[in-house]
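Take a look at this one chain, the form predicted on its own, written out in structure tokens.
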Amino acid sequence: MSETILEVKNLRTTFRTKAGDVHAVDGISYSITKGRTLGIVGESGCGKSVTSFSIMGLLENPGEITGGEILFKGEKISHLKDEQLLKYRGQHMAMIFQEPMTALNPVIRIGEQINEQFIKHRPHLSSKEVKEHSIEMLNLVGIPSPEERYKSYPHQLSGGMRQRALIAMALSCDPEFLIADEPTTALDVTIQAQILDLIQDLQNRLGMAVQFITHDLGVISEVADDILVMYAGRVCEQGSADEIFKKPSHPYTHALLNSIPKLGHKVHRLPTIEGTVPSIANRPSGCQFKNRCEFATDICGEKQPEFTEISSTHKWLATTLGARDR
């Protein structure tokens, strides 16, 4: 049986605001085992990135974990102080951030930024060894002329090169768990494919567990073993990639998949999901998706959905019949 690297149990992340408490992540649970990739998909604002920041201990005020727990290899890390999290962050857990131009310091050379990882987590290394390891990481992620790029500033690199530099930083200390937060955003299709291949290749080499966040189901289909579909801070469906793509049950999952262009189909207008995600600051009663759902009935506004098992790996929030049963 594969080793469980990360467990998230009924996690609730709350932002304390003048208007009241906002539950950006509202009771989600999942686990990731060694060598597998969990894809988390959903619209902007559904809680994907907040979940990741909660795991990494990178929430900023007024955000805080107010319920549930996060376990890394069986050890509870959800309420550790920042200095205690340093034992895990960078060395055992790492994150590739969404925007390389904002994640990288524009006035510090690329090599120095990678050096920081080794200086902090490998203090026994000499200055010469630190530099050698940093250049080796740039070479590992496929950056040409790594010795020259080591001395470059972020603005001197292309978008794809900056993203590779971020990956080099994240993987510098051989983490067991990697969060990739929309790592291909704003990259052209060719560079996107190269970045996805790179992450998968490094995962196979290092045996990492990966949490891959995106709103792009095409990307998810390429990289994920398991999928978590989020909506308005909650999980509405989870299962293996095959189960989600071939047997979607929740109407939201069905609508997302239906909006993907089909090869060979002549479509003048793609199906869309009408309306907007409800405000998490003022959640409606019952099912959060009811105002946008073509299958909604009266009961959807009255009853809070409950997780129902379809198989040992496939679950969905159910109040009425699922989309595939209609």
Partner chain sequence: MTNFIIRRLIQNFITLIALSFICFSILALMPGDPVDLMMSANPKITTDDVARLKALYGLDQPIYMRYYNWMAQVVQGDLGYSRTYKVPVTEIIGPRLLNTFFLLTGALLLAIIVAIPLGVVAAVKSGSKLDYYINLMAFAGISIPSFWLALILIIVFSLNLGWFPAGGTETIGVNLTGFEYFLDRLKYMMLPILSLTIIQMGIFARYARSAMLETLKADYVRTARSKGISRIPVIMKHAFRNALIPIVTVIAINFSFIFSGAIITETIFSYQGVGKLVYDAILANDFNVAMVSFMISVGMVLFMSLVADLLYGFLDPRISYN
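Residue numbers count along the first chain shown, from 1. No experiment lies behind these values; they were computed from the predicted model shown.
This next part talks about the form predicted together with its partner chain, which is not shown.
Here the marked residues H215, E222 and K246 all miss its partner chain in the predicted bound form; none has a heavy atom within 4.5 angstroms. The closest non-hydrogen atom of E75 lies beyond 4.5 Å of its partner chain in the predicted bound form. Although the partner is absent here, P175 sits far enough away that none of its heavy atoms falls within 4.5 Å of its partner chain in the predicted bound form. With a 4.5 Å cutoff on heavy atoms, T102 counts as touching its partner chain in the predicted bound form. Interface residue remark: G42 is not counted as part of the site for its partner chain in the predicted bound form, having no heavy atom within 4.5 Å. Checking 231-239, 141-149, 87-95, 204-212 against its partner chain in the predicted bound form, the stretch whose residues place heavy atoms within 4.5 Å of it is 87-95. Of the residues E274, E60, E294, D298, just one reaches its partner chain in the predicted bound form with a heavy atom at 4.5 Å or closer; this is E60. Along 151-174, these residues reach a heavy atom to within 4.5 Å of its partner chain in the predicted bound form: Y153, H155, L166, M169.
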